[in-house]
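Only one chain is given next, in structure tokens, and it is the form predicted on its own.
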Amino acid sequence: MDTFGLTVVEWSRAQFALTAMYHWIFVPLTLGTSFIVAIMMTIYVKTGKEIWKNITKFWMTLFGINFAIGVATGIILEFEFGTNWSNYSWFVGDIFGAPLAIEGIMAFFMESTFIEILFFGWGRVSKKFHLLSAWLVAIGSNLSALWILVANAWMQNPVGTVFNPDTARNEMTNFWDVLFSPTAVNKFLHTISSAYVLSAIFVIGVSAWFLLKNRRIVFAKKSMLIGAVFGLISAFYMFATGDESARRVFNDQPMKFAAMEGLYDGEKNAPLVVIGLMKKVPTPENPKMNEFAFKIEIPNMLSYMAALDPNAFVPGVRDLVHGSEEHGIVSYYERIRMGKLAIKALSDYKLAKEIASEHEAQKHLSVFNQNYKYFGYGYYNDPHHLIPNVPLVFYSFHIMVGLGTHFLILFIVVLFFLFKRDIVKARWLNYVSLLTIPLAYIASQAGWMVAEFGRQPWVVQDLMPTLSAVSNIESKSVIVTFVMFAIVFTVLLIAEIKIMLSQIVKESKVEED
């Protein structure tokens, strides 16, 4: 039943998106600043200089504020798998539950144990053990992200599992295949490197504010130096892993790849759209039209990015929907037919088992296994419902890449002014650095929009669509919690910003050592 024009599936998706996007406001800053704090403390322990102790304590305070609120939003996110997505939890619980359990038992307990020593260990434990605690908090925080990202990567590219037709559940066959799948490894490395870039920008931007106020100059310049070096290394790594991520998407999720570039008609020597303005989106009723009002392209670059071959064929949206024998692409029409065969065969198999007809059961099981690869397509009749929101994915992808390039240039320019010019006098650069903080969050959210909106309508790629994953609940119940979470998360975000700003202002009033 629709409520306010949205179904329970759409309300559940909206609620999960709300929770995930709020949670991701806090997570990347935690991942990056934990290592930045550990680096700063290492310099303090090595040099014994009091200014590095003050620098460490300040950034550690901001880290702690962000960490506490991030935990609150993360807990709610995991509960939603049971409340809103119970069918999904049943279908993949044996796989999805394992990394989440490890995240809670190992990583979260590790970081929560040593974070107490990190904050309250000053003067109570030795400097070396205190430093070890700082690094263990950083490692624990990032290990926590690892297991969450492994779970997410499996949804994007399900491997190391087998479907049990008797229980209608996916069961893990090889834990290491799940953990070390190319998709999981790349997703983890690209995500944490982007988080490090965001954290570096945060440190640079806050330090720039001190310079604009002409306060804590030495404090700010040293902090900015750590942020810029950390950010520059992370940015290069982010682009390298992003390049590999594009090839993983091309191989595992070609529809998402086509949406990222707004590519409707596949081609060899495909150009990469650097900047483009989409005019309108083709529809089944009007499939032939110019998708772009204007665009700037790099010849052959998309083919090279996809397959390391400038002559490679890159399929577009229409190629995937209608198929191509020449390029070995199974059409979505055919996938829907095979998916329906799999669904019917599973139903017939269960019926045969109930009446103890083993021969019939095995016959239906054979049909099921032959078509299981496209099981999820059987829930649809119109293949055009399997196309994600192309403009949303296209713009999110290009915003992410464009801002990422800006961040890389910013780190280089900041380091140049720190070593070759007077960065205090470069007020324009400090204003740019300060204003780049919100841009880093926009880029971070855009990256996740590409990842999650680009794979729609799948909750598990090719196997389970979102419409079959949702719990059997009233949409009104979801609306109540949606509104409640929106209010609570907004209050938490405002509280964090106010507390952080008060700490920054307080630090600016301290006299320079």
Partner chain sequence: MLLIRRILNFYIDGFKSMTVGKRLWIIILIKLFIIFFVLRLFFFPDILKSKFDTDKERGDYVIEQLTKEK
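Positions refer to the first chain, counted from 1. On a predicted model such as this, the values are computed, not experimentally measured, just so you know.
Although it is not shown, the form predicted in complex with the partner chain is what the next lines describe.
The stretch among 87-95, 319-327, 190-198, 253-261 whose residues place heavy atoms within 4.5 Å of the partner chain in the predicted bound form is 87-95. Looking at K279, you'd find every heavy atom of it more than 4.5 angstroms from the partner chain in the predicted bound form. Although the partner is absent here, Q461 lies well away from the partner chain in the predicted bound form, with no heavy atom inside 4.5 Å. Although the partner is absent from this view, S331 stays clear of the partner chain in the predicted bound form, with no non-hydrogen atom inside 4.5 angstroms. In the predicted bound form, the partner chain sits within 4.5 Å of a heavy atom of K350. Interface residue among F120, F175, W428, F419, judged by heavy atoms within 4.5 Å of the partner chain in the predicted bound form: F120. Note on the partner interface in the predicted bound form: the residue among K268, R124, K128, H384 having a heavy atom within 4.5 angstroms of the partner chain is R124.
Residues of 455-480 lying near the partner chain in the predicted bound form, listed in sequence order, are M464, L467, S468, S471, N472, I473, V480, the criterion being any heavy atom within 4.5 Å.
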